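Below you'll find only one chain, the form predicted on its own, shown as structure tokens.
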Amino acid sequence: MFMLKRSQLTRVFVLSLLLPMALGSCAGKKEAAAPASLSVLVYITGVTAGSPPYEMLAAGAEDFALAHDNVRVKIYEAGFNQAEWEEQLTSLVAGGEYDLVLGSNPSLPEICARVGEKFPGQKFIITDAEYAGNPQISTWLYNQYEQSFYLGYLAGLITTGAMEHANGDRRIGFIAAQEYPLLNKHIIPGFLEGARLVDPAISLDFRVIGNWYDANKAAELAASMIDAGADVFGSIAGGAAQGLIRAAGEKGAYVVFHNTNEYASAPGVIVGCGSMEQKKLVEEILAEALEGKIQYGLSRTVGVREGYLDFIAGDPGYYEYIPADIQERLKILMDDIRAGRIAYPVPPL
């Protein structure tokens, strides 16, 4: 019969106690190292095609999902009828399928707040919006006053300069799809303020289409504004902006564009473009969400100094059509903004 000595028995007893603890410790480390999963509903308030912010929103989420096996993304286009958005979103989140809803629209936080009351566990992340104090919602606001300011400054340099279609009237134009607080309180005032930094006598002709898709109406508005003396335009109009660009090309006027590089779509007509790093911001937000680092209830403002807005100067659509003296004056302004030498408060929404 095989027998163990007392010392051997003691070692066996100790090992029998330690082994489950060691195995449990290894198992715990393995579970802690396993990354969490993330299910994201990208809620497009409109349609993706033709809207650079929505295209970047969707691309950022999809690229992030492609790089992470444990992230699932669904893109949902809600269409242009804002009256339907709340009911649609309620239906989409009712099943608890999504860890978070990701959107980009200044009017979306209020809708999400109402939907969130019905589903207290649902989280919402919204860019291009400002909303604080709700523990289910986190927002990032692009400083569109700032972007409109330097685009308006370029418009002011053009309308007071010697370019072919500058008519001497010192009158600029802006066409919007619809009115909303961010447009009325940040974008339009910033555009006019930037232009008047060049010449306080510059006036603004502001018109509203009524929707985000009627390019023909946008063209009609632009044509009448050009006839009334406007020679440089800004626009926040989604797909309808194609009508403005067409009219400007036909009648002789210039367009500066928010958020994305559109020089190649109308060389010599689109002569200035701002940039919005929506895709970059979305990927960074989703990385924080995956790691559980999002702080809900807060709103953050990002702009040029933070690296999420800028002006696109290194494109032939800009430097081949804009005179060197105007380029130099805009460069000085942009350098001052980047360095913080131009300080102004962001108007409240």
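Numbering starts at 1 and runs along the sequence shown. These figures come from a predicted structure and were not determined experimentally.
Absent from the display: the form predicted together with riboflavin (RBF). The rest refers to it.
In the predicted bound form, none of the heavy atoms of residue 159 sits within 4.5 Å of a heavy atom of riboflavin (RBF). In the predicted bound form, none of the heavy atoms of residue 116 sits within 4.5 Å of a heavy atom of riboflavin (RBF). Riboflavin (RBF) in the predicted bound form comes within 4.5 Å of no heavy atom belonging to residue 206. Interface residue remark: residue 238 is counted as part of the site for riboflavin (RBF) in the predicted bound form, having a heavy atom within 4.5 Å. In summary, among the residues 261, 107, 136, 88, the only one with a non-hydrogen atom within 4.5 Å of riboflavin (RBF) in the predicted bound form is 107. Contact annotation: of the candidates 245, 226, 271, 182, the single residue with a non-hydrogen atom within 4.5 angstroms of riboflavin (RBF) in the predicted bound form is 182. Residue heavy atoms within 4.5 Å of riboflavin (RBF) in the predicted bound form occur in exactly one stretch of 65 to 73, 311 to 319, 52 to 60, 287 to 295, and that stretch is 52 to 60. In the predicted bound form, just one residue of 140 to 165 lies within 4.5 Å of riboflavin (RBF) by at least one heavy atom: 144.
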